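Only one chain comes next, encoded as structure tokens, the form predicted on its own.
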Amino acid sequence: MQLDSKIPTGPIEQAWERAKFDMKLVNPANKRKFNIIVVGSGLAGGSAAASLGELGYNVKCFCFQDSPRRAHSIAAQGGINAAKNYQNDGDSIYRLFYDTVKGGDFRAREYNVYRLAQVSVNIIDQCVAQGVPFAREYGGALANRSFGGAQVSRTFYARGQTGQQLLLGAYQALEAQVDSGRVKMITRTEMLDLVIVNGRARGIVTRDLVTGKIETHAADAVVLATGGYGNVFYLSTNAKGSNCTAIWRAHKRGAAFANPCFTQIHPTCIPVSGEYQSKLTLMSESLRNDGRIWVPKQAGDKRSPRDIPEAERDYYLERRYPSFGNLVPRDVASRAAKAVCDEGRGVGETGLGVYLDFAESIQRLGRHAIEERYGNLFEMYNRITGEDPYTVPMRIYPAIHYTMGGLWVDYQLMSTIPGMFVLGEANFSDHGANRLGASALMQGLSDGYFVIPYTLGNYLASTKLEKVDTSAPEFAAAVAEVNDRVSRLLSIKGNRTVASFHRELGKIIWDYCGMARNAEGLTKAIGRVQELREEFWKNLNVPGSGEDMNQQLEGAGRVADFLELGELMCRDALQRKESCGGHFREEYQTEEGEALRDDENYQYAAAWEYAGENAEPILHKEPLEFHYVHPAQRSYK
């Protein structure tokens, strides 16, 4: 396996424009001759399918939901970054680039990040033209707010439902292409395998989630935009349907998987309340603009928060990081919350929580202003907890939210399998070891609207593709493997449910490869995951058949993939003997408890090659070079 990142040469400010000019184009009359498969219909997949359809390609877009409107992008709350500098507060494309590279702890490609910052300004114009109802100032100008890891206000938002509004914009563009006949939307369908013909991605195998029918689809290129793998932890802020199956099956066909241990813990989530829970709920990072985070100074202080005077409160983020205060990046805020809870100063019944307090902002701005900014978030919190955040502080605690790792892609977003492109959270490319808040929506729309239309066209125009349809023997072979896997899952007839295996796996990964990791724990986790996987294939019970709707069967296939991915995450974390961003090895930290990188030995993207069942994966390294933002110890003090 060779890792050719295809990074352009020359000044970074001109790289993307020059790269676009150098790319080959497909004649408009020839575009309708090409068939493209897009798997996923969230912001990345929906915008890609809409854009490619608009250009004239024949597109099939797949999603496992009953409508593209239900893609998990809808759950994003706080906003989308763009270097517009509308506030005239010192922002610029270069500053967004700098903040993103620094926020990712110098583990991302500079050229990819700079392109993302450049394209960000176009995304806002695109979305406004689609009618996305961004918040506006009194005079009508688009409003901005602050987010973690930045000292400027560059986040555009629509109350606490930015993801939903952006997805509706992309959905409208997608449906226009469906109406034109250039995009065929296929819902309630899950990708179960990738089909490779003569070394190139030429199609997929799917299962109809209603009828159980296994089908094949051929194309000239395949685009995966299937989101992240945070549900490997079982309890996460992801929708329960979010999974890793599409990218994992592609990985087993030869796509390198990069930096799987780079997972993001979001500091602002509703704490776990009991074993009965199947997921967690995010409270937008935007709340940290007006909410102050604190815990009691005295360990074991269980008084009501309103009975604890100011002098006995520790606003620990403001104390430790005076320059950024409550707006430090997510990895920093999460570790700080864990630290004070480990000291016995956590709040709530479990002691795993901190306060997010709006009393000062309500007094300063008035309740109406807070309602306008965060009303739906406050309502959601009230419905879940039964507590009114207008009168008592929210209780929050870190939880799994986003995955920076994913399939390795080059500058043109193509994986190590020619003809297979990977967009959005499914790839590894733009965030390094930690994602800044409000950058996920930015990356998904950047990839779908402004990058893939050029790079996919370049691939098609510069590659001689033989005619392939689903009668090719490679399709039949892939179907046979899928059917064998389904039959195997149904035939075990053991005593344990899918959920019980998933919950146990999630606890192992959270305990040993979560907010803090160490060599002993990671080694233990690898062994325990292997044992759990062995039991899974001997003692799983999947009721029903594969001939109709069977959600237990769906879940079983996804958990089987999580069991393999979980081991790879631990292996990746074990080999990376440093701390960086969301990857915090307890053996490698500064005297002040901050992440301690090792740039001499670990300044690379770790790309793993699948070596076969029960074989150790092969590590490949893409060196990361920094010519514009020189690596330094991150400081938000």
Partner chain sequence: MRLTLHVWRQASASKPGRMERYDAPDVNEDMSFLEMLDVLNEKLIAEHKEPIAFEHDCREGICGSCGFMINGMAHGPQRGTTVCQLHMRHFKDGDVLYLEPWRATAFPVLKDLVVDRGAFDRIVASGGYVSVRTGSAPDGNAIPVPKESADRAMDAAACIACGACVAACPNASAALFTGAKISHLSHLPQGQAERSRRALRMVRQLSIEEFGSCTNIGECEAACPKSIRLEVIATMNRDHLKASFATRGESQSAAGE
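Note that the structure is a prediction, hence the values are computed from the model and not measured. Positions refer to the first chain, counted from 1.
What comes next is about the form predicted in complex with its partner chain, which does not appear here.
A.B. asks: Among 317-325, 428-436, 382-390, 198-206, which stretch has residues with heavy atoms no more than 4.5 Å from its partner chain in the predicted bound form?
C.D. replies: So the stretch in question is 382-390.
A.B. asks: Would its partner chain in the predicted bound form be within 4.5 angstroms of a non-hydrogen atom of every residue among 77, 86 and 176?
C.D. replies: Per the other structure, all of 77, 86 and 176 touch its partner chain.
A.B. asks: Can you pick the one in 237, 146, 416, 361 that has a heavy atom within 4.5 Å of its partner chain in the predicted bound form?
C.D. replies: When its partner chain is considered in the predicted bound form, the option within 4.5 Å is 237.
A.B. asks: Which of 471, 278, 491, 298 has a heavy atom within 4.5 Å of its partner chain in the predicted bound form?
C.D. replies: When its partner chain is considered in the predicted bound form, the option within 4.5 Å is 278.
A.B. asks: Verify the contact flag for residue 184: yes if a non-hydrogen atom of it lies within 4.5 Å of a non-hydrogen atom of its partner chain in the predicted bound form, no if not.
C.D. replies: Looking in the predicted bound form, residue contacts with its partner chain do not include residue 184, since no heavy atom lies within 4.5 Å.
A.B. asks: Quick one: does residue 130 come within 4.5 Å of its partner chain in the predicted bound form, counting heavy atoms only?
C.D. replies: Judged by the heavy-atom cut-off of 4.5 Å, residue 130 is in contact with its partner chain in the predicted bound form.
A.B. asks: Does any heavy atom of residue 551 come within 4.5 Å of a heavy atom of its partner chain in the predicted bound form?
C.D. replies: Yes, contact at 4.5 Å.
A.B. asks: With a cut-off of 4.5 Å between heavy atoms, is residue 461 one of the residues that contacts its partner chain in the predicted bound form?
C.D. replies: No - in the predicted bound form, heavy atoms of residue 461 and its partner chain never come within 4.5 Å of each other.
A.B. asks: Taking only heavy atoms into account, state which residues of 145-183 are within 4.5 Å of its partner chain in the predicted bound form, ordered by sequence.
C.D. replies: Contacting residues: 158, 159, 161, 164, 165, 168, 171, 172, 175, 176, 179.
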